[in-house]
Every structure is written in C-alpha cells, then in structure tokens.
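Two forms, one chain: they're shown below as structure tokens, one block per form, named structure 1 and structure 2.
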Structure 1
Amino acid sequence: MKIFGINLAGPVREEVERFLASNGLKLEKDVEYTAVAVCREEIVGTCSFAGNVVKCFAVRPDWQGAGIAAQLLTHISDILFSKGITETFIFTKPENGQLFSGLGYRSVAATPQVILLEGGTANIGRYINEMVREAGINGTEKAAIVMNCNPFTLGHRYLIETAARENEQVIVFVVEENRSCFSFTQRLNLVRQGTADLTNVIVIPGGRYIISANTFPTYFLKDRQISVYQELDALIFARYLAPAFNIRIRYVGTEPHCQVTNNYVEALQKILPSYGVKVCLVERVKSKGECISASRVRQLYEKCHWEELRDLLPPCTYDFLRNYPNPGSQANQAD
C-alpha cells in the first residue's frame, strides 16, 4: 500500500470522485491537494485539504483499522506544516469523530451529518475569548448580526438600524473570509463608516468561526448547493459565540432569491432558540419595488449605472465604488 499526492487535473480525478461517492461524499471544488492510499492499483483511502481545512476523507470499509487513516492524515499534516500551517480543522462524518480524536483532534461541534474537529494550535475557546477581549465590550445583553456586505448597502444599513432601535447594544460581525469581490478590510471599513452615527453598534471582524471556510465551507462556492454545514455554523454560534458575547437575539434579513440563505435562516431558527437566542427575521427593505441586495448592486456597478446605485447605497459605499476599479461580473457571490 502506497500513499501519495495526485494531480486532480488528470484522469484520476474521476476515480477519486467515484470512490468518495461510494462513501457518501463528494470531491468539493475548493480542494487544493488530495492524497490517496493505493493498493494493487485501487484506491483504498483518500484525504484532501483546502486552506487549513482537512476534508473529503474516506477509507474503504474492508481497510478500516489498518492504520490508513493515520498515514493519510500524517501525509496531509506534513504538507500543511511545510506551508507554515499549524492550525488545522477536519470535516468528517460523525462516526469518524472517535478515530480523529485518537489522532489528537478535538471535537468543536457535530450535527447528525457532519462533525468539525480542530487540531494543532487551534483552540476555539481561547480564540473567542480573545475576540471578546479585543472588542472591548461590556457584559450587557446584546443583539447580533452577521453580514458579508459585498458591498455595504442601504439594505444592510436598514437591518442594523432596526436592531439598534430595538436593543441596548448591537454587535455586527463582518464575515472575514476573503472570498468576495471586495476585500475583508474594505467591507469592514465600509460598514464602520456607514454605521458611525449609531452609537450602540459595534462592528467587528467575524473571525474564523462565523461563516468561514472552517464552519461553512460551501457558502462561498459558486454552485452553492444545499449544505450540511448550515446547521454546524448555527450550532457553533449558539454554543460558543452567543454565550461569550452575551448575545440574546440574532437579526437576519429575508432573502427572496437565494435558497442557500433561506435554508441557513431555517437552521438558525431551528438551533438558536434552544440555546436561549431568539432569531428575529426582518423583511428586506425595497427600492422602487425591488429588494435591495449586494448582488443587484454589483450588477449595476458592472454597468456603471450610477444614478440607480444612489438609491441603493449609503454615501460611503457610493463614493468608494466611484473610485474603485470595476472588477467585472461578481453577480453570483455572497451578499
């Protein structure tokens, strides 16, 4: 039995896809590297990574218990270490959780379909406590909003205004993953500029445990199929972030066009209340009869329809776009 990395651009890709499918998995589009265990020219195990996330792991049932999992993981860990990555995460089936725990990984959260484990120097408790410390906030009960803001629109502003009007303090977590048309720094700055007058609103980075490649890896893929990761992301928010920040209510906007977002809202409504966090669904604000969305803004921006954009954007975003080079079509990216 041999273990080696493969070229996913070659014909072996279909073989890996068939092997994963036979184990109830698929080869996700963001995979950067895949290792296979081969015996007598047949794949008996495989493991991949994207960023610092280990995924697409499977071992043929008749080879389980033969040490292949440990060898695959050691191979992947060596590659990641050579890239300077010491914090790692694994998505796998819940029944594999005990296997990886025996290899030094720790469970973060699990749903009936998927479990997330962390290894190396990763530590969710320590990380979130550091988020709270850096935010410099008090122990007041809070409302929360999670936004990508790609870019920041009057729709985002309306949702924040609503929460600010109804609560003593509001935290806006801006998704930190850099997989959008506009960079995280640009998006964060626009939200801060666009809410500077709301004195009870605090805008902070979302970090690596809110709608990130570590908790919701398919959110940023262009096909964005219905994902088992939606409940996982909601569960992590409820178990770790809500109590650390003393969050008692989370605001979300309605989404008339995106099924993934609608299913995510359903996951939040299913999980958060059982942890003492209310979910408040706010009807999306409209302009000229059409819902304001970041995807619509990007479409108009691509065509330089500046007059129409004035009705959809706060001044800070409008001015930013007028001075920002048009990146081409980004209509399918997350809001």
Structure 2
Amino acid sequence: MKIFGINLAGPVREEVERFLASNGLKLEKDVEYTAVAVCREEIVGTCSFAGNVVKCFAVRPDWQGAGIAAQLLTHISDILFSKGITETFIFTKPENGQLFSGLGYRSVAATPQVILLEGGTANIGRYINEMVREAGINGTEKAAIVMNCNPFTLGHRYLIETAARENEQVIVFVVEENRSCFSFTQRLNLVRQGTADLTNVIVIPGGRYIISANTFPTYFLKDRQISVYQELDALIFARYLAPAFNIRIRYVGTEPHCQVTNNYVEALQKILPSYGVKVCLVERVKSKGECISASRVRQLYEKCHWEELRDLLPPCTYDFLRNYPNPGSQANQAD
C-alpha cells in the first residue's frame, strides 16, 4: 500500500470524489491538498486539509483497522508541518471522536452533533492563556463582543459604545480568519482607530478558537447545519474564553433579516447563561430608516456612493475606503 499526495487539478480528483461519495462525503471546494492510500491501484483511504483543518477523511470499511488512518494522518501532519502549520483541527461527528483521539487528537468541545478536536502542537488552554497575557488585561469583570467588522461601521461603533457605557471594561474580539473582503489587519486597525477614544475598550484578535458566523466550515454549510456549528462556537466561548478573560456578559447586535445571525443568537442564549455569561441583545442602529450593516456598506462601496457611505461610517473607515482600490471606483474614474 502506498500513500501519496494527488494532483487536485488532475484526473485522480474524480476518483477521490467518487470514493468519498461512496462513504457519504464530498471533496470540499476549499481543499488545498489531498492524500490517498492506494492498494492494487484502488483507493482505500483519503484525507485532505484546507488551511489548518484536516477534513474529507475516509477509509474503506473493509480496510479499517489496518492502520491506514494513522498513516494518512501522519502523512497529512508531515505535509502541514513542512508548510509551517503545526496546529491542526478536525471537525467531525461525535462518534468519530474516539478514532481521532486514539491518534493523538484532543477533544476541545463536543455538542450532540459535532466534535472539534485539535492536534499537532495545538492546545486551547495554553493558547487562550497566551491571548490573555498578550492583551495585558486585569481580572476585572468584562463585557465581550465578537465582530468581523468587514469593514467597521457606525453600527459596530454603536454596539461597542453601548457596552462601554454599561460596563467597566469591554473586550472586542475581531474575527481573525481572512475570508472577508478586507484583510484581518485592515479590519482590526479600523476598529482600533475607531474606538481609540473609548478608554475602557480593548480590541484584540479573535484568535483561533472564535469561529463566528462568518467562518463556519463548508462541511456544515453543505448540510445546512450551521446551527450545529454555532452551538460549538458558543460552547467554546463559554467554556474557555469567558473564564480566562473573566467575561460576564456578551453583547450581540440584532439582525432582523438574517436567519444565520438569529440562530447564532439563539445558540448563545441557550449555552452562555449556564456558564454564568449573560447575553445582551442590542437593537441595531439605523440610518434613514435602514439598519447599518457591513454588507450594505460593501454594496454602496462597490457603487462608490460616497455621500451615503458618509452617514454609515466612522471617519477612519471612510478615509480608508476612499484610499482603497476597488474595481467599482476604477470604473467610476474611467467614466
């Protein structure tokens, strides 16, 4: 039996897709690397990764128990390690947890529908202690907000202001994954600039364990089971982040038209209070009768509606966007 990486642009891809399909799985679109275990020219197992998430893993039932899983995971870990990715994660069904925990993966949190395991050098307790240390915060009771801020709007500012008025100290976690229009660094800097006057607000990177509604893996999107994932996110927040930072209340902006966000709020309300963390819903601030949202800002920005944007954005974001290249603005200049 041989284990090797395949060319994802080549014909073997289809074979892997068929193999996964026969095991009730799909080769997800974001996969960057796929390894196969091949015996007598037949695929008997496969494993892939996207970023630091190990996924699309299957071993043919009649080959299970022969150590193929261990070989595949070693191969994938080696490749990840050679790319400088030493901390890895697996999202899977709880019944598969046992298999991976026998292969060096540790359970971070599990809901009845999903389990998150970490492998490589990842260690949530250690990681979060490091976050607390880097933030340089004290033990005061805190309020927390998790935001993507893609980009930072007056709506975000309003939510932060509200929390800052009602609490001694507020921590804003900016979602770290770079799947947004604006890069993480750009988003983080704008939030920091736009809240610099609020002395009891600390803005820090969300880190690896805040997943947020914007970054749920495709695995669950495919099954329309985002809510499953949201519960996991809420559980991790309640169990690890809240006690480490001494967070007693989490602020969330309402989003009347977004089912995903509503479900997320429901998950937070279901899980956080049992860990001693309150959930405070703040109604979205409006501009000319319409809620201010980052998606609305992005639409207006594409069309270069600067006058309207001025009402929705703090000066820092407005100035940033004016100096930021965008296909829409170029088209506009050409006109």
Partner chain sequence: MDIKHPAKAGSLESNDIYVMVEPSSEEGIVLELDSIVMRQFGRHIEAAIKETVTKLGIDNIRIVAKDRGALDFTIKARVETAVKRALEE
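Structure 1 provides the reference sequence; residues are numbered from 1 along it. If you're wondering where the values come from, they're calculated on a predicted model, not measured in any experiment. Each form is matched to the other, and the largest set of C-alpha atoms that superpose within 1.5 Å is called the rigid core.
Looking at both structures, it is structure 2 that matches the form predicted together with its partner chain. Superposition on the rigid core between structure 1 and structure 2 places the CA atom of I85 2 Å or more away from its counterpart.
Residue displacement note: D311 has its CA displaced by under 2 Å between structure 1 and structure 2 (rigid core superposed). Once both forms are fitted on their core, the CA shift for F320 between structure 1 and structure 2 remains under 2 Å.
In the core-superposed comparison between structure 1 and structure 2, the CA atom of R60 travels 5.9 Å. On the core-superposed pair, the CA position of D30 changes by 2.6 Å between structure 1 and structure 2.
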